[in-house]
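This document opens with one chain alone, in C-alpha cells, the form predicted alone.
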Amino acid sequence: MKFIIMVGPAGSGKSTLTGELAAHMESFGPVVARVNFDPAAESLPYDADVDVRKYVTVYEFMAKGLGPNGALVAAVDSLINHVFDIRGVLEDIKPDYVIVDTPGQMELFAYRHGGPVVLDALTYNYPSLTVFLVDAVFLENPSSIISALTLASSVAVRLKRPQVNVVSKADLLLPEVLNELVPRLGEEGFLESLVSSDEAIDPYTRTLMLNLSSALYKAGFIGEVIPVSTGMPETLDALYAKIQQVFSGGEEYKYYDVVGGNY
C-alpha cells in the first residue's frame, strides 16, 4: 500500500479531489481505497472503503460538553485507539494506493500533536506522501499566496513527508493566472516581485512578506505547484504522474525532488 494524505483548509476541495483522483487512478488499473478521516463529515462525494465515523464521531464528544472544535480535536486524537482496526480493513482490501481525506481544520496537522501521531500510526511501514491543496481563491493577491504557502510549509514540517503542493479548483483561475502565474510560483524571486509591484502593501507588511517569501525559496520549499481541477482530466494526469514519481523514488527519494529544495 502507498498512502496519499489529502490536507488543506476547509472548502479547498479535498473530498471532491479524493473521489475524482481515486476514480482517475483506477482507470489505469490500480486498486485505490478511499478513507474518510473526518469524524465530523456530514456527507461525502465518494463511497468510502473506510469511514472513521464508524469508530468515532464528533457528536460523541459534543455530548460530553465539548464545543465543535474541541470535539473534533478529541475525536481525531481518539482515532489512535482504532488505527489497527483501520489498517486491518485496508490490508484485507489490498489496495495499491490509499487516499486519506482529512478534516479541514488545519490546526490538527499544522500545530497540534495528535493529528501527525495518528497519521504516523496509520501509515507505519508503508510509503506515504502529502498532497496539500491551495484553494484557487488564495491566488488573488500576493498576501494570500504567501499565507497559503507558509501554511503549507508548516504542514510539511509537522507531517515530515514528501509533499506535493497543488492549486485546487484550477478551472476557476483566469487564463493568465493559470498559464503564467502558477507555473512561476517555484521560480526563485517570483513572489518577491509580486510583493514589490503591489503598491497597496504598507512598509511593515511588505518587509514581512518579502522575508517570508525569501525563506520559502531559501528552504527550497515551493518547487513545482500543480494546478488541479476535477473538470480538467489532464491536470489529474499531471498529479498522478507526480505521485508516481515520488513513490518510485523509494526510501532514497529526497524532499527536494518533490518541491525543489533541501529537506
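The first residue of the shown sequence is 1; numbering continues from there. What you see is a predicted model, and the numbers here were worked out from it, not measured in a lab.
One more form of this protein, predicted together with a small molecule, exists but is not displayed; see below.
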* Thinking of the small molecule in the predicted bound form, which stretch from 222 to 230, 51 to 59, 25 to 33, 193 to 201 has heavy atoms inside 4.5 Å of it? -> 222 to 230
* To do: Heavy atom within 4.5 Å of the small molecule in the predicted bound form: which of Gly186, Pro127, Pro95, Gly104 fits that? Just give me the one.
  => Gly104
* To do: May I ask you to check whether Arg158 falls inside a 4.5 Å heavy atom distance of the small molecule in the predicted bound form?
  => no
* Asked: Is there a heavy atom of Ala10 no more than 4.5 Å from a heavy atom of the small molecule in the predicted bound form?
  -> yes
* Asked: Hey, in the predicted bound form, does Leu172 get a heavy atom within 4.5 angstroms of the small molecule?
  -> yes
* 4.5 Å heavy atom contact, Thr16 and the small molecule in the predicted bound form -> yes
